[in-house]
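Starting off, we have a lone chain in the form predicted on its own, written out as structure tokens.
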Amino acid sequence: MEYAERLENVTVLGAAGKMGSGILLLTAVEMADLSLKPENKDRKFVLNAVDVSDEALSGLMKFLRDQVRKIAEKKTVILRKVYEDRGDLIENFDIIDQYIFDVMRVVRPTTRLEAAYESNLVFEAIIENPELKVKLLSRIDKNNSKKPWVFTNTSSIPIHQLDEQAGLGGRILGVHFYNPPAVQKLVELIEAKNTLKEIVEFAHTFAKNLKKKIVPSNDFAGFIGNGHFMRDALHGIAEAERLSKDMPLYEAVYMMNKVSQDFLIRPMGIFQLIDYVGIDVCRFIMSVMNPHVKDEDLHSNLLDRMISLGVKGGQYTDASQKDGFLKYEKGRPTGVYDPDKKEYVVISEFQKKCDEKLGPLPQPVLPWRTVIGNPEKNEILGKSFKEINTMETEGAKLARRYGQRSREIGKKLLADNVARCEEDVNTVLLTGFFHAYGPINDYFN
């Protein structure tokens, strides 16, 4: 089955979710673009958007329409050529409206799983629940005579586990998009030991057409991205708990968040990143990974405690940040949660004291935004971290330990045969997490 034929009938499971909606958008545009090529004029392209809620699907269709309009506005020159035989499309707005129509008509929103029974390809983007994934994929496979290929967007569950338990016979590949899929360039591709080679070849073509950067990961729970992030988060949590022996926990959380963001020059502090992903999601990913590791315990009592108090982080449907370890106003942290008092403490009430304990940042101060796109980034980072290596302040010591631990995690991913080379580890953190530098480096003594 050739590329275009494989994409004639596709289903996205969890289409109205945070990840599923982005995957659906990208796939709908790719399918519509194929449908507009002269050689495909006789093909009928169908993209089933499957989710459990009619209300969510209604919101999804509005999201798609708005996003496709933005895409069309950016490529009107290309679209004018695509529609050059349409004499009725004169103005740019005519062309844009026609393209929106052509993309939207591909999509079929439905709450019925049966829609997937005719698909050649199924994108699975539901919640990170192995049992539910297996249940749905098994049901589809038993009722679909076409024996569809499955792309699972799991960020932690071993692909071979899903393959074996769902009885897919190697017709599955981990295609881990990063959030949000329409913006993030990174895609981790994870082959199970029995994954068919033609699926991998198709996925490379598909991702290339979406202009994604592909990094292969071996089939080990958590893969490269969460393999690093979960351990990185546990280090930040452990350091905060250690500091809390001599100060309130909320002050320790603030300090480690500042160290990981400002001293290490990252886009977010570690507790802000945990909130962004979701405290409950992080704990679940750790629970999925933990049975597969032998020499460490990927578990946090503090995450358990926060969830027991109803503090989970994550995002609202409009992508705004929910409160977690930190309280947010207009996207900016303004408080830190005190689990003893079960309330948020305003950062301005203790910030000066904590900043004095940490000590000054290297001079000049280098916010992540000013470094990330600088052509002299490597030289700038080298000077900043060289200074940190000579400083004996509390902040510098914490930063060195953090940088050293991050490097250890990266090296462990290589030693455990999760990543195939140092470059792949660094690329995932650079591209998927927007870090200014990879974890495997020589910056810290």
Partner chain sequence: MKKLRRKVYIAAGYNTISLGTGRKEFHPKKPRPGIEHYIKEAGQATLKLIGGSQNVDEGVVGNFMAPRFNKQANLPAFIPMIDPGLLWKPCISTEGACASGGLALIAGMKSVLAETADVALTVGFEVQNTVKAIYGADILAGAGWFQERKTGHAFFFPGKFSDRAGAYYQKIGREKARRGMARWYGNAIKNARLCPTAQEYHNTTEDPEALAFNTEPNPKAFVDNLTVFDCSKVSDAASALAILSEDGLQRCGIPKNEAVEIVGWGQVEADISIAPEDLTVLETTKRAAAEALESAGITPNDLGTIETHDCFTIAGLLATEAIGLAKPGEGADFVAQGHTDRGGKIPFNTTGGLIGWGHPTGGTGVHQAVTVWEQLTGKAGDAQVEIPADRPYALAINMGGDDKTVVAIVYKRGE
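Numbering follows the first chain given and starts at 1. Only a predicted model underlies this, so the values are computations on that prediction, with no experimental measurement involved.
Unshown form predicted in complex with its partner chain; subsequent notes refer to it.
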Task: Contact label in the model of the complex: residue 198 to its partner chain, heavy atom within 4.5 Å - done: no
TODO: Classify residue 90 as contacting or not contacting its partner chain in the model of the complex by the rule of any non-hydrogen atom within 4.5 angstroms, answering yes or no.
DONE: yes
Open item on the list: Whether residue 84 contacts its partner chain in the model of the complex should be assessed with a 4.5 Å heavy atom distance threshold; does it?
Closed with: yes
TODO: Find out whether any non-hydrogen atom of residue 80 is located within 4.5 angstroms of its partner chain in the model of the complex, and reply yes or no.
DONE: yes
Open item on the list: Within 4.5 Å, heavy atoms only, one stretch in 92-100, 146-154, 272-280, 336-344 touches its partner chain in the model of the complex. Which?
Closed with: 92-100
Task: Contact residue in the model of the complex, chosen from 329, 73, 356, 114 - any heavy atom within 4.5 Å of its partner chain - done: 73
Open item on the list: Give me the residue from 401, 69, 383, 43 that has a heavy atom within 4.5 Å of its partner chain in the model of the complex.
Closed with: 69
